[in-house]
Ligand SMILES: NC(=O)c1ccc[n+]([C@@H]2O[C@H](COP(=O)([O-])OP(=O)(O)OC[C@H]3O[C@@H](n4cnc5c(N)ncnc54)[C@H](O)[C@@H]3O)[C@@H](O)[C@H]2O)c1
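One chain is shown next in structure tokens, namely the form predicted alone.
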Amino acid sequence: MFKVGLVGFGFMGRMNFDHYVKLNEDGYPITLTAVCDPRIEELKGQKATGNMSTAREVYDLSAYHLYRDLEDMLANEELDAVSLAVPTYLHAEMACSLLERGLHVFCEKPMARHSADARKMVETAKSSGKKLMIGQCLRFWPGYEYLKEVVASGKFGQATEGYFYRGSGAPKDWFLDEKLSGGCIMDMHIHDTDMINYLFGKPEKVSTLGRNVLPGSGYDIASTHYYYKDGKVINSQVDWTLEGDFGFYMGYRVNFEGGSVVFDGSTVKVNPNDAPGFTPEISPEAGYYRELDYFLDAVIHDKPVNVCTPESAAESLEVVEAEMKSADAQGEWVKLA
């Protein structure tokens, strides 16, 4: 049986936990054996808040080995892989250490706080021979997978315009320290930047306008234009100041020479120029489940991680850093190497 350890038991740690349990219930030959978090005794009895609902509010962890210290967990468990759902600024050091010890690593996004550290993660994965995958979950989210298929197949011709958006209320704790999280642009906006990079390739340059609302958090609202030589107009916006009962929203609208594709967070609507619109069937499974399914299949059967390579995740982080530099310069275009 393939054994997995989970490090971090906040909102995304619980999302990882939920889907490892479900994968096991669905017949996958894996077992989540250990959970590690410095505050595990406190957290296991608390509800975690995030953009989406976890499978349960309070978790019964009596069947799992619990640890407050990562070194203690590694000394006492025989693991094949580890999921990292810890604060962003800890990703690089932890991931590299685990890879060097011979463990496969699934690491939540953003890949690292700085792209230089992300590149170290890439090189460490190569030298260790172990697999590293970053949780850029939109690449596995059915509504975005469908858009990728449309772009790759060219069924509606070339893209001419695209708009991507996500927004929610502000997170808490370390997220609101820009030095630790990178602020809204790096923590939340990176989802859409990564998807744009995945769909259309690395832009030549970016221009970002940003606004700070919450003290010390960096940019809390941002809008980015991505420049491509073929002239398509691509923009994405992010906002984590939407309080009250707004909740969370993500979606896109992409226009092509022969039609448009729109996603409202739950349903995809396709509008061909020369035929009636329709709603394609997409998988009901969330991207969180599908990305872990893909990662486990790759490590258990020794397949390459092609859909979300560490190199591509690091590249998306480089684009985000260029966006932050542009925002600092009040929207000045910043070229990418």
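The numbering used is simple: start at 1 and walk along the sequence shown. Nothing here was measured: the structure is a model prediction, and the numbers come from that model.
Separately, the form predicted in complex with this ligand exists; it is not shown, and the next lines address it.
Colleague: Against this ligand in the predicted complex, would residue 258 count as a contact residue? Criterion: heavy atoms within 4.5 Å.
Modeller: It does not: once this ligand is placed as it appears in the predicted complex, residue 258 has no heavy atom within 4.5 Å of it.
Colleague: Check residue 242 for me: does it contact this ligand in the predicted complex (non-hydrogen atoms, 4.5 angstroms)?
Modeller: Taking the distances in the predicted complex, the answer for residue 242 is no, it never comes within 4.5 Å of this ligand.
Colleague: Taking this ligand as it sits in the predicted complex, is residue 144 near enough to touch it, meaning that at least one heavy atom pair lies within 4.5 angstroms?
Modeller: No.
Colleague: Could you tell me if residue 119 has a non-hydrogen atom within 4.5 Å of this ligand in the predicted complex?
Modeller: Contact with this ligand, no.
Colleague: Kindly confirm or deny that 36, 135 and 191 each have some heavy atom within 4.5 angstroms of this ligand in the predicted complex.
Modeller: Looking in the predicted complex, the three residues 36, 135 and 191 all sit within 4.5 Å of this ligand (heavy atoms).
Colleague: Name the single residue among 139, 109, 113, 130 that comes within 4.5 Å of this ligand in the predicted complex, judging by heavy atoms.
Modeller: If I apply the 4.5 Å criterion carefully, the residue I get is 109.
Colleague: Looking at 174, 249, 228, 163, which is the one with a non-hydrogen atom within 4.5 Å of this ligand in the predicted complex?
Modeller: Contact residue from the list: 174.
Colleague: Within 4.5 Å, heavy atoms only, one stretch in 86-94, 228-236, 144-152, 263-271 touches this ligand in the predicted complex. Which?
Modeller: Contact criterion met by 86-94 only.
Colleague: Scan 200-219 and note down the residues that get a heavy atom within 4.5 Å of this ligand in the predicted complex; none is a fine answer too.
Modeller: Nothing in the stretch sits within 4.5 Å of the partner.
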